[in-house]
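First, one chain by itself in C-alpha cells, the form predicted on its own.
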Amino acid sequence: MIATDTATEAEAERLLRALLHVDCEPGGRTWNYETCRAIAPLTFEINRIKKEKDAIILAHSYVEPEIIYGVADFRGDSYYLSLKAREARAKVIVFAGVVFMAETAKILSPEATVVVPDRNSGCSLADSLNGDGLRQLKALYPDATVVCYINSTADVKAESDVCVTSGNVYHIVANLPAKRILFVPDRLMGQNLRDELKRRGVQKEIITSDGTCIVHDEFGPADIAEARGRYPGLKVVAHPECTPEVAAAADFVGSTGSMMKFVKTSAAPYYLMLTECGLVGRLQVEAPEKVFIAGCRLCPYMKLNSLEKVRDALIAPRPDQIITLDEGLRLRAARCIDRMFELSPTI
C-alpha cells in the first residue's frame, strides 16, 4: 500500500506537531512542514510494515527525533527499554539504539527476532571489555561480587552477578551484602559510585575496569564554570558517566530518564545538559517552555540509526542485522538482568 497524497499530508502534519520545537539538530535542520513532508512517506511506510510484520520499534532517547517521534513504539533509557523488551509479545523487535541494547532485548525476549538498523552502532563502554577480559579480572578478585553496567556485551553480562543501570546502581550496590565490588566496564561511573556511597556512609570497596563513554567523558568543570558565568540561575544536569569533577559541580546527576524528570519538574531560566544531544531534542518536544544552552555532544554510534535503515531492517534484515546468542550464554546473562529487576527500587 502506497501512501496517498492525503495520507502523506496527514502524516506530515502529525510529524510537524511532534517535531516543531526541536532545534538541537547536528545537521542544522529546521523542522517545518516541508521537512516533515519529505520524510512522511517513509514514516508512513514503516508504521504500515510494523503492523504487517507484528513488529515493534524500541528507540533510545539518543537517536534522531524522526525515529523517536515518527516510528518508535517505545522511547526511553536503557532500563525502560529493557522492561519493554521483556514485556514484548511481538514477533520482531527493531532496536534503534546500539548493539548491546539489542542484545539485551534478545536476552529478555528470546522468541522474537531482534534486529539492529546498523551493526556498526557500537558503544565505547561495551566495547572496552569482553567476557575473556572479565574472567581475567574475576581471577584477580575472586571474592568480589561482579556488577556490570547495562552498557556491556551479552558475554560480560553472562559473567556477572547482577546488572545495573545509571538509575538503580546506587541502590543496588548499596544493598548488596558483599563489601568488595568489581564494577565493569565504566571507570568514571565506578568513581562516582564510590563517592556517592561514601557520602551515604556505605562502606564498599569498588574496583573498576577502564572503559569510558566517548560522549560523557569529554565534559569538564570548565564547561560548567563558563556557562554559570554567562547564564545566571542556570541548572547543570549531568550523567553519572561523566567525570567525578563534573558530577560534583552539577546541580543534578542521574540517568537519562531521571534527567528528563528533573528538567520537567524544576523551574530554572536555563539548563545545561551534559549528555547526548538526543535527550535535549526529546526535552524540546516534551517541555518546549524550557530553555537550553549549547553543551550537549553527539554519539556517533547512535547517529548511525536512520529511518531508511529501520525500514530495510524491517523488510528484509541482513544476517549481520539479526541478533543471535548462544542459548547457554543467553540464560546466564538473563539471570544477571533478572537479578537487577529483583533488586531495583520500586517506583
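Counting begins at 1, following the sequence as shown. What you see is a predicted model; the values in this text were computed from it and never measured.
Keep in mind that the form predicted in complex with ligand 13P is missing from the display, and what follows is about it.
> In the model of the complex, which of 202-210, 222-230, 174-182, 147-155 comes within 4.5 Å of ligand 13P (heavy atoms)?
Single hit among the candidates: 147-155.
> Thinking of Ser166, His216 and Thr256 as one candidate spot, does ligand 13P come within 4.5 Å of a heavy atom in every one of them in the model of the complex?
Yes, each of Ser166, His216 and Thr256 comes within 4.5 Å of ligand 13P in the model of the complex.
> Check whether Ser128 has any heavy atom within 4.5 Å of a heavy atom of ligand 13P in the model of the complex, and answer yes or no.
No, Ser128 sits far enough from ligand 13P in the model of the complex that none of its heavy atoms falls within 4.5 Å.
> Can you tell me if Met101 lies within 4.5 angstroms of ligand 13P in the model of the complex, counting non-hydrogen atoms only?
Output for Met101 is yes: heavy atoms within 4.5 Å of ligand 13P.
> Examine Glu159 and determine whether its closest non-hydrogen atom to ligand 13P in the model of the complex is within 4.5 angstroms.
No.
> His239 versus ligand 13P, in the model of the complex: is there a non-hydrogen atom within 4.5 Å?
His239 belongs to the contact set for ligand 13P.
> Using the arrangement in the model of the complex, list in sequence order the residues of 45-64 with any heavy atom within 4.5 angstroms of ligand 13P.
Counting only heavy atoms within 4.5 Å of ligand 13P in the model of the complex, the contacting residues of 45-64 are His60, Tyr62.
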